[in-house]
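First, one chain by itself in structure tokens, the form predicted on its own.
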């Protein structure tokens, strides 16, 4: 029988997951420095350009985009509480005229074909799957528009069985860098940049989680689902520290050419 710690995030009640991540600036690995590095590969943005941040969470990266472009930016996430926090942050930083969050589903985006100049998605495309996401979202981009996504990726052709089994269950679409780039090209994009995000985005992400787990467990004392979820997150963190040479986040940036 599989132990609780080996459950993946998708095995749990969605409300537990959202609550656990609701008080964080970002709901996945990443930081402003890396957002800006990816943005540096995007050219031609003006105040008339429109960006969609898909699976924006509470909007940590979206706010960074807002401060460093003059574009209209729409953040989309399924969870109402995330969007409410997003919009409070946008207002508090005087970005509300250009940067707003809306509740929506990445499987049915509220845009017209060729409406967007840039599609952004950090730490969230796995919810729909990388290949499906880049294919289905392409129609919303103008010809010459960009897509920039982070994706969990194998760094080698072979890896230890423990980490292979974990990610195969958690995200069967995890694949190697050449295969991800080939999927992007096949979907009608010119690959512009492909690079590995630093280990620190993961170690910082997990260390911030560790600080919250005690409070989370106190609040849900006796709730086995919450306890199992916290255990699963600690297990995932331990796996990363043990096997980080074999996988991590890559930024994939492409330009729509057809």
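Numbering follows the first chain given and starts at 1. Computed from a predicted model, the values in this text were never measured in an experiment.
The same protein also exists as the form predicted together with a small molecule; that form is not shown, yet it is the one meant from here on.
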Could you tell me if all three of 74, 87 and 96 have a heavy atom no more than 4.5 Å from the small molecule in the model of the complex?
no
Taking heavy atoms only, is residue 82 within 4.5 angstroms of the small molecule in the model of the complex?
yes
Just checking whether residue 182 would be counted as a contact of the small molecule in the model of the complex - the rule being heavy atoms within 4.5 angstroms.
no
Does the 4.5 Å heavy atom contact test between residue 66 and the small molecule in the model of the complex come out positive?
no
Is the gap between residue 106 and the small molecule in the model of the complex 4.5 Å or less for some heavy atom pair?
yes
Of the listed stretches (187-195, 57-65, 228-236, 209-217), which one has a non-hydrogen atom within 4.5 Å of the small molecule in the model of the complex?
57-65
Which of 127, 164, 135, 176 has a heavy atom within 4.5 Å of the small molecule in the model of the complex?
127
